[in-house]
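First structure 1, then structure 2: two forms of the same chain, each alone, as C-alpha cells.
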Structure 1
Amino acid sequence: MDSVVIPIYTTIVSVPYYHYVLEGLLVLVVVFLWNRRNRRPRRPQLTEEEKEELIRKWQPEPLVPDTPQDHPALNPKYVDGKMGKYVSIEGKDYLNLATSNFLGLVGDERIEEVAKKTIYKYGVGSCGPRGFYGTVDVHLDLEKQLAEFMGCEEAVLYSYGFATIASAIPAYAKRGDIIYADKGVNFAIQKGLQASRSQIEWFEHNDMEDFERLLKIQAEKDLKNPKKAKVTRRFMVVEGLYLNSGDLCPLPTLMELKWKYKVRIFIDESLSFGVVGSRGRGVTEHFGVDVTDVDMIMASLENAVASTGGFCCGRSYVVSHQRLSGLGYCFSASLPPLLTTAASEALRIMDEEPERFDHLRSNGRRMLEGLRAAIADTLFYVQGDALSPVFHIKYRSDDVEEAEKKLDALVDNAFEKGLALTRARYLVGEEAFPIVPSIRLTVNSQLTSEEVDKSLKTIAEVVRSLTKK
C-alpha cells in the first residue's frame, strides 16, 4: 500500500502548479458536458391514447390523383399491323413520320425469318438473368458483333434501352464524383445522373465555352485541395445526336477538353447509332475520332436497329465492370433470344446495304429544306441538324398553352390529310429543365422523294390554314 501511495503523493506534490490549473479545468469541462447531456430536451413521448388519436385523425392523400379522361396518354392511336413506312389506324393508311424506324428495318423479311427460326430453337423468353443461365449463345454472338461493328474491345448487352443508360452511369459515378452534363440530355440520362448521386454540373446545350468555364472553376478548386482532387472522378455525359433538339455534339472539342482537364467521356448514341457516319458507326466515325479514346458509348437498339434492348461498348477495362455492377444487367432477365437475333440480322443488313444511310441522309436534308420553306413567315420554326433524321417543329410564343394548342392542331389536321405526326412527349414536372413543346418529326430511308414532297406540301397547307385563322 505504501509503495503505491507514497510515489503518487510525491508526484502530485512535485509537479509545477500549471498542471493543477489545466487538469482542474479539464475536470470542470467534463462535469459541465455531463450535466448538459442530461439536460438536453427529449422528444415528448406520446401515450397510447395520443397515438391512437393521431392515427384516427390522419388522412392520407389518395394513392393517385384523378386523371381527366381527355388526357392524350389515355387516348393513344391504336394501330393495326406493322408500323413500317405506312401505319394502319382504323382501316386507313397514314404515312409514318412519327416513329424512329430510320433504316426501314421494321417489317423486313430477313429479320422476321431469323426471329421465327430463333423461336423454334430457343423459345421466346430466356427465363433468367445473365448470371443464372440466362446467357444464351446468341447474346454472346451479338455482343461480339457489336464490338466489331463499333471497333471496340467489348460490348455489354442490356434488355431495355432506357435501363441501359440509367444503369450504366451509376455503375461508375458515385457520391463524391463530378459529372458534367449538357442541359439538353434526354430523360434516361437524367435518371442515370440522379441515381448516381454525384455532383452534377450542367452546361448550356452545345456551348463549349460554358463547359470550359465550369472546368476551369473546378481546376481552381483542385489546386486548393489537391488531396480531394486525387480521389474525385470526373465524367462528362453528352449525346451523339440529341433527341430533344436534333443537334450533333461537337465531339472534337469535347475530346480536347477531355485530355486537357482529365475528364472521362460517356456518349449516348441512342439516336446516332446506325444513322450518323458513312457506315452508321456513329459520331466517332463522322468526326474521325478514334473510338478507343471514348471511354464508353451507350446506345439503344430500339431506334435504327428496330429491335429492343441496348448496349454499352468501349475498352474492356471500363465496360466489363458493368457485368457485375450494372443493375439493369445483373438483376434483370436477359433479352429474349428472338430480339437478339433480330438485332444481329439488322447489323448484318446495315453492313451489306450501306445505301440505306445515303437515302436516309438525302431524305433528311430534303425534309429539312422543305420544312424551312414550308413554315417560313409563320410563327412555326424547325430545329435540327442537316444530318439528323429527327426534327422538332416548334411554335414561337411565350404562352406555352397556346403553343401546345397550335402544335396539336397541326398534328390533327395533318392526320386528317393522311400524315401521322406526333408531339414529343415529356414528363413536365420531372424533367430537369423547362420544356418547349414541339412536334418530333422523323424521316426514314424508305421514303421516296415524291413521298417527302407530298408530306411537305401537306404540312405547308395545314400551316397556312392555321396561320390564316
Structure 2
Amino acid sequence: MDSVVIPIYTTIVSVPYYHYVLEGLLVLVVVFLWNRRNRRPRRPQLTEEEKEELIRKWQPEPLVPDTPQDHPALNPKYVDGKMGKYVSIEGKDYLNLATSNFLGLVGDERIEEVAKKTIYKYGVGSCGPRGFYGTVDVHLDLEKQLAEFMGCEEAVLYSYGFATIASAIPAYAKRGDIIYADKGVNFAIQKGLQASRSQIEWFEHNDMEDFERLLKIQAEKDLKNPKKAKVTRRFMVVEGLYLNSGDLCPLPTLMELKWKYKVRIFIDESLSFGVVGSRGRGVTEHFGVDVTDVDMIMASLENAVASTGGFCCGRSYVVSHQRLSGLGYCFSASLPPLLTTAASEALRIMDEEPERFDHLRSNGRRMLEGLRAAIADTLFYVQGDALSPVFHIKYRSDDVEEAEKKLDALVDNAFEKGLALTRARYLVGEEAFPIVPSIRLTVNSQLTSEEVDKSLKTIAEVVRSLTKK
C-alpha cells in the first residue's frame, strides 16, 4: 500500500502551487458559466388589461412604403399599337423619342412574317428552362448566329435581358474575388455585383486614372501577401455605351490596364450592340479591339434587335460554364420561339442593310448638336456621346425637387406639342450611387432630318418658356 501512496504524495507535493490555483479558477469559471446559462430571466407578469393595452397600441410597420397616387408608375400613358417611330396615345399620334427601337425593327414586315410562321409551328411559349426540355432548335440556331455575328467561339442565350447581366456576373465572380466597376453602371450590373458577394471596388465614371489608382493599391497588397494573391481573381465590369449617361467607354485604355494588371474584363453591350461599330458589333468593332481578347461580352436583345432576352458570348470554355451556373439560364423558361426567330431575322437585316447604322449615327449627331444649341444659355444641359442614340437632358440645380419639376414640365409640355419624351426612372434607395434626374431621349434610324429638326424646335420652345418662369 505504501508503495502506491508514497509516489502519489510525492507527485502532488512536487507540482508547483500555482497549478492548483489555475485549476481552481478554471473550475470556478466553468461553474459560473454553467449557472449563467441555466439561469432564466424572470419575465414580468402582465395583467390581462396590460396585455390588451399593448396590443391596442402596437402598430405594424408597412410591408412597402407609401406611394403617392400621382406617382408616374401608377399613371402610365398607354400606347395603342406598335412602338414605332410614331406612337398612338388616346387617338393621337406622337413622335416617339422615348423607346429604344434604334434600328426601326419594330413592325418590320420580314420579322413579323417570320414570327407568324414560328407561332404556327412551335406555338407561343416554351414552358421550360433550357436544361429541362425548354431548348428548341431555333435557340441553338440563334446562339450560333450570334457567335458568328460577334466573331466569338460560342454564345449562350437568355430569355430576359436584365437576367442576362445579373446572372452572368455571379456565375464567375464569387466571395473572395475582386470586381472593379464603374460608378455609372446600370442597375442590372449592380444586382449582378451584389449577387456575386465579391469585394467591389468602385472607380469614378470613365476615369481611368482613378481606376489605375485602385489597381496599384491592390498590386501593393498582392506583393505583401503573395499567397492570397494567387487565389484572388480580379474582374472589371463596364458598359460599352452607358445607359445612365450615354457615354462611350474608353475601351483601348481598359484593355491596356487589363493586360498590365492581369484583370478579366466583362463588357455589357446592351446599348451598344446593334448601334456602335460600322456593322453594329459594338465597341470592340468601333475601337478595333480583337473580340477574343475580351473575356466576356453581355448584351440585351431588347433594344436595337427589338426582341426580348439577351446573350453572352466569348470563348467556349468561358461561356459554356453558364449553362451550369447561370441562374437566369438554368431556372427561367427559355426564350419563346417566336421571339427567337424574330431576333434571328433582325440579325439578318442588320447584315444585309448596314445603311441603318449610318442613318442612326447621322440622326444621333444631328440630335446632339441640335440639343446643345436648343438649350444653350439655359440651366438645361445635355449629356451623351456623338455615337450614342441615347441622350440625357438634365437641369442644373442643387435642389433635386426643383430639377424634377423642371424636367417633368419639359416632358409634359412637349407631349402637348406632339412629342413623346420620358423621364429616366430609377428605384429610389436601391441604386448604388445618387442619380442626377434626367430626361432620357432616344433617336432611331427611321427619323428624317425634318422630324429631328421639328423635335428640336419643339424642345427649344418649351425650354425657353420654362426658363422665363
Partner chain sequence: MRDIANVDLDSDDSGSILESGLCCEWENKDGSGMQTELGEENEEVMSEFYRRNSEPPTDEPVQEQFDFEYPAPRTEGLDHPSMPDATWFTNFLVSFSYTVKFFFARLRHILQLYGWEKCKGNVESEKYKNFVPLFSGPDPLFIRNIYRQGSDVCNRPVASVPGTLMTVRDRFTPDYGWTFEYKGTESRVLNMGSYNYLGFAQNRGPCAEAARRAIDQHGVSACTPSFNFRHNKVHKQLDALIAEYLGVEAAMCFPMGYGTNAMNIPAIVGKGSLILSDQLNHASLVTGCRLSGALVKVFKHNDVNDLERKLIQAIAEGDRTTGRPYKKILIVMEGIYSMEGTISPLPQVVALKKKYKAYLFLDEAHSIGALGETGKGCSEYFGCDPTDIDVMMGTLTKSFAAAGGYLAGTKKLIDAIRTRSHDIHYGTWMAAPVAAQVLSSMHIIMNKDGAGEGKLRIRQLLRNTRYFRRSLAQRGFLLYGHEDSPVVPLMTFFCTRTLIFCRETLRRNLAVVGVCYPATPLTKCRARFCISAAHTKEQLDWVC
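For the two forms, the rigid core is made up of the largest set of C-alpha atoms that agree within 1.5 Å on superposition. The first residue in the sequence of structure 1 is number 1, and each one after it adds one. Small disclaimer: the values here were computed from a predicted structure and weren't measured.
Between the two displayed forms of this chain, it is structure 2 that matches the form predicted alone. Superposition on the rigid core between structures 1 and 2 places the CA atom of D66 2 Å or more away from its counterpart. With both forms fitted on their core, the C-alpha atom of V30 sits 10.3 Å from where it sits in the other form; this compares the forms between structures 1 and 2.
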